[in-house]
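Consider the single chain below, provided in structure tokens and representing the form predicted alone.
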């Protein structure tokens, strides 16, 4: 199978389960790109995730960057189309059905079940990025402290990013 077709098939399937966006399927993107296909190593994957998070716009930019790294412009276009197209079509048609369920018990059950799933997928994504980015016990400690603070307080994450940057500049982590 050609690389472009492989990218479209894999990313297209992932788009259908990307509750919360492409960031929610980072562990599977990592498995595909690093472990299964050996398109890149952990460090490259982590750098592409960091670039995608630093750029304005949707978090699906990670698909574009992975596609670009693997197969240039055609890979970027294939990955972006595959990551956005199937899920957009599914949601378009699903919303007609979903609105009919307004106020029903089934809608509440589905919403209650999907919320922890999306949170778990995002936390799993964070674990993948942490393994590729943290190089010391101090960095792992800073990451763990940040997660605990974010999950248990109302602090704006930008303060934590700033604190992490200061610790990094000071050579603490």
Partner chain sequence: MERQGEITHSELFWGFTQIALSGFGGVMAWARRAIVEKRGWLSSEEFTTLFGLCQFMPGPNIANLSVCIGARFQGASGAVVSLLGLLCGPFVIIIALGALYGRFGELPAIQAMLRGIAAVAAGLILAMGVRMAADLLKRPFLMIFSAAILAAVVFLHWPLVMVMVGLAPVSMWVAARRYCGSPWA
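Computed from a prediction, not measured in an experiment: that's the story for all the values here. For clarity, a rigid core is taken as the largest C-alpha set superposing within 1.5 Å between two forms. Numbering follows the first chain given and starts at 1.
Same protein, other form: the form predicted together with its partner chain, not shown, and the subject of what follows.
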Check your understanding: Would residue 76 show up as a contact with its partner chain in the model of the complex if we use heavy atoms at 4.5 Å?
Key -> yes
Check your understanding: Any chance residue 71 has a heavy atom within 4.5 Å of its partner chain in the model of the complex?
Key -> no
Point to revise | Partner contact for residue 5 in the model of the complex: its partner chain, 4.5 angstroms, heavy atom | key: no
Check your understanding: How about residue 34: is it within 4.5 Å of its partner chain in the model of the complex, going by heavy atoms?
Key -> no
Check your understanding: Are there residues in 13 to 52 with a heavy atom within 4.5 Å of its partner chain in the model of the complex, and which are they, in order?
Key -> 13, 14, 15, 16, 17, 18, 19, 20, 21, 22, 25, 26, 27, 28, 31, 44, 46, 47, 48, 50, 51, 52
Review point. With both forms fit on the core, has residue 9 moved 2 Å or more by CA between the shown form and the other one?
Key: no
Check your understanding: Do you see a C-alpha shift of 2 Å or more at residue 140 between the shown form and the other one, with the core held fixed?
Key -> yes
Study note, to complete from the structure: Assert for residue 157-residue 58 (C-alpha, 3 Å or more) in the model of the complex vs reference form: pair closer
Review point. Knowing the Cα distance between residue 151 and residue 107 changes 3 Å or more in the model of the complex, does it shrink or grow relative to here?
Key: farther
